[in-house]
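What follows is one chain in structure tokens, specifically the form predicted alone.
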């Protein structure tokens, strides 16, 4: 049945926890097929058997058989089994058995009309302070990050809509929104969670395959809802570490004239992940990190030269 559902459009499951959800989907569809095979012929039979030409006078006694009651009871039992045997265990696994923070990659995703903003804590492992009063789209501060906060100085903010994670490691995504209700949906990870204003809601999964896939908003959130999509990029662990280090340095330099070579390599990482070539993507991530370090050294040297020029002018 799962193979049939896949042929009919169900995305492949690429998360360690998705199997329980797929089991529930399979048994739900089996129940629907059984109901269809029984009720559809019965419905056609009743249309023919009780048509007006054969039954000109209404019967006020009705059918005395209890067959339909037995059928309805059987369906109810099947549904209880689905709930107790599949749905509840899957829900408990996803909600109560959250992996320890020390063993997981923790990322914040802030929704807005009509983008996904991704926020990493940086090397110190702590998220910088955010405040809605600091939100300013004109200066690209989409989440209201307080850059004066000590813990915010090393935070990493990739381009909007791009979520990067390592393979075979649990990821805890802390969801929030700065406007209306959205729904964070990654079908291949079997993840879909409503994002509610005023709340920070965690959702977790463990990717099992490298590559790139789409993130969708599964809740109508405005007139440009169709534009609200992003991408999840799953790297090898080495590639992920190098990519995030490079991105951190590029953000620190904040000068495209110095970092454009590293940026080009980072774009190639995404290109090869989308093509399913994680090894090549990893090598480009390592190159991007090296180029970013060179750019940082150049900026530091430029800063020292500027200091000497200022000193000469003062004399």
Partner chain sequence: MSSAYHDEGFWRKYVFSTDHKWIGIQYAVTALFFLLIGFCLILVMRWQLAYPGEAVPIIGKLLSEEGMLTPDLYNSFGAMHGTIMIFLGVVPLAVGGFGNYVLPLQIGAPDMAFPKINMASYWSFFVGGVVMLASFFMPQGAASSGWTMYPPLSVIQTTGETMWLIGMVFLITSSLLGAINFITTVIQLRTKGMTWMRLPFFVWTQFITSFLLLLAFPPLESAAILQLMDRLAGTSFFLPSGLYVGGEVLNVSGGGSPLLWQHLFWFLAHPEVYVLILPAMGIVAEIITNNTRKPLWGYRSMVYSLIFLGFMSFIVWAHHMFLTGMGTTMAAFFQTTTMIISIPSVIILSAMFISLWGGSIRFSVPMLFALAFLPMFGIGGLTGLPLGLASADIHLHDTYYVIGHFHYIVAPGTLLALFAGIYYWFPKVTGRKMNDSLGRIHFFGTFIGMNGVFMPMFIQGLAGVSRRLYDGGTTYLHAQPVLQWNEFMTISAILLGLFQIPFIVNFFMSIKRGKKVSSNPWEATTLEWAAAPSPPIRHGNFSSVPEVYHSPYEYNVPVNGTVEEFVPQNKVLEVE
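Residue numbers count along the first chain shown, from 1. Small disclaimer: the values here were computed from a predicted structure and weren't measured. Just so we're on the same page, rigid core means the largest C-alpha set that superposes within 1.5 Å between forms.
Beyond what is shown, the protein has a form predicted in complex with the partner chain; the following relates to that form.
- Picking from 100-108, 120-128, 165-173, 191-199 the stretch near the partner chain in the predicted bound form, with a 4.5 Å limit on heavy atoms, gives 191-199.
- Although the partner is absent here, residue 223 is a contact residue: one of its heavy atoms lies within 4.5 angstroms of the partner chain in the predicted bound form.
- Among heavy atoms of residue 151, none comes within 4.5 Å of the partner chain in the predicted bound form.
- When the partner chain is considered in the predicted bound form, residue 21 lines it closely, a heavy atom lying within 4.5 Å.
- For residue 35, a non-hydrogen atom is located within 4.5 Å of the partner chain in the predicted bound form, even though that partner is not displayed.
- Within 4.5 angstroms of the partner chain in the predicted bound form, the stretch 85-109 places a non-hydrogen atom from each of 86, 87, 88, 90, 91, 92, 94, 95, 96, taken in sequence order.
- In a rigid-core overlay of the protein, residue 165 has its C-alpha displaced by under 2 Å between this form and the one not shown.
- Comparing the forms between this form and the one not shown, the C-alpha position of residue 75 differs by 2 angstroms or more, with the core used for superposition.
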